[in-house]
Ligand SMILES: Cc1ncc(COP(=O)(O)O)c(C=O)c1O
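The chain that follows stands alone, in the form predicted alone, written as C-alpha cells.
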Amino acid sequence: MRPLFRDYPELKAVVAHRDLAELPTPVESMGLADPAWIKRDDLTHPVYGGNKIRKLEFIIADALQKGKQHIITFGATGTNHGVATALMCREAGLGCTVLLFDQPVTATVRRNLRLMQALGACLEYKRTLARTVASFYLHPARLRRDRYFLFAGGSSVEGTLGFVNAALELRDQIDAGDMPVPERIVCPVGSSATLAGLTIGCALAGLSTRVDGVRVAPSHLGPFPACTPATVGKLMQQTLQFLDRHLKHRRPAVPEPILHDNYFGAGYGQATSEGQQAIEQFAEHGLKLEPTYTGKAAAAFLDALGETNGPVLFWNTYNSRDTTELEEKADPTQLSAPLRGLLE
C-alpha cells in the first residue's frame, strides 16, 4: 500500500490509484561530499523511469475511473512527460496524443521523439508554444466525453498527490535508517507538481526539511505566469483544499514554496555552463543527467552543499533506464515530415 493511503485511509474512497511505479525508489549517499544524498526517481519504472511515473499512477487511474479512452496532453519536442504518458497509456490500454512545440534540438529530443512514436503516441507538431497551448484548450476533441485533457507535465491535483506520497515514502526511508533527515531537498521545477507535492508532503510527514525548487521553464508565457512561486502556490492550494475536504484530522501548516530563478539561463532547453559542469561531476559518479532539467537543478544542489553542513538530497527526476531496444522499434516514416526533419 502506498504511504498516502496507509497514513490517510479515508483517501482510498476518493482518490483513484493504480500501482504503476516500482516504489520505493532508493536513497543513496553520493561521493560528492559527506552530506550529499540522491533520491533515485530515475528508477521509478523498469522501462522508463523519472518523476512523471509517480504522477501518472494517480492520473491514469483517474482517467480510467471517469471512463476515458484517450489522453491528450502537450509538451516540448523532447518532453519526458510525453514519453512517460505514452508508456503508461499503452500499459493501461488508453490512446495518447501529444501536442508538441519547439525546443533546441538535442540528442534527448531526438531520442524522446523516437520513443513516443515507438510507444504508439499520436504526435501533432504545432511548432510554437502559443499555437500548442491554443490547440490544447481549443481542441475539437473537448466535445468528446471519452477524452481526458492533461496539462503539460502532469501537473494537476492528481499529479501533485503523487509527490505528496513521495514525501511520505521518504519519511519511511528516514525512519528505517536509510538516510538522515535532509536539511534540504533540491528538485527541478517545470510544471510545478513535483515541488508542490514535496512541499505539502514534507509538512504532512512532519519533516523539518526545506524543499528548494529550481526553475527550469519560462516564468511567463507572454503576460501569463507559468512557473512562478504564485503558480506553484496555486497548485498547492488546490491540492490542500482537496485534502482538507477529505482528511479526518486537521493537517499541519504548509510553508510557502521556494523557487530559485537564477539557474534557468538563456531559455528553456538551453544548456548553462554551471549545469554542464554539474552533469560532468555527476557522471563521474555514474549518474546520468541532462541539460534541460536535472543539470540545472544539480548546479543548485552543488551550491546548496556549500551553504549547509547538514544532509542535502538531490531528487533525480530523469530517466536512467536503457531505452535503446525500444528506440529501435520506432518507425520515423510514421512521423510528419517536420518531425522527421528534427531526427536528421
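What you are looking at is a predicted structure, and each value in this text was computed from that prediction instead of being measured. We number the residues from 1 along the sequence you see.
A second form of this protein, the form predicted in complex with this ligand, is not displayed here; the remarks below concern that form.
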Option from 274 to 282, 23 to 31, 52 to 60, 300 to 308 whose residues, in the predicted complex, bring a heavy atom within 4.5 Å of this ligand: 52 to 60
Residue contact check: residue 85 to this ligand in the predicted complex, 4.5 Å heavy atom: no
Contact of residue 213 with this ligand in the predicted complex (heavy atom, 4.5 Å): no
Non-hydrogen atom contact residue 37 with this ligand in the predicted complex at 4.5 angstroms: no
Contact of residue 191 with this ligand in the predicted complex (heavy atom, 4.5 Å): yes
Heavy atom within 4.5 Å of this ligand in the predicted complex - residue from 155, 209, 165, 73: 155
Contact residue in the predicted complex, from 80, 199, 239, 77 (heavy atom within 4.5 Å of this ligand): 80
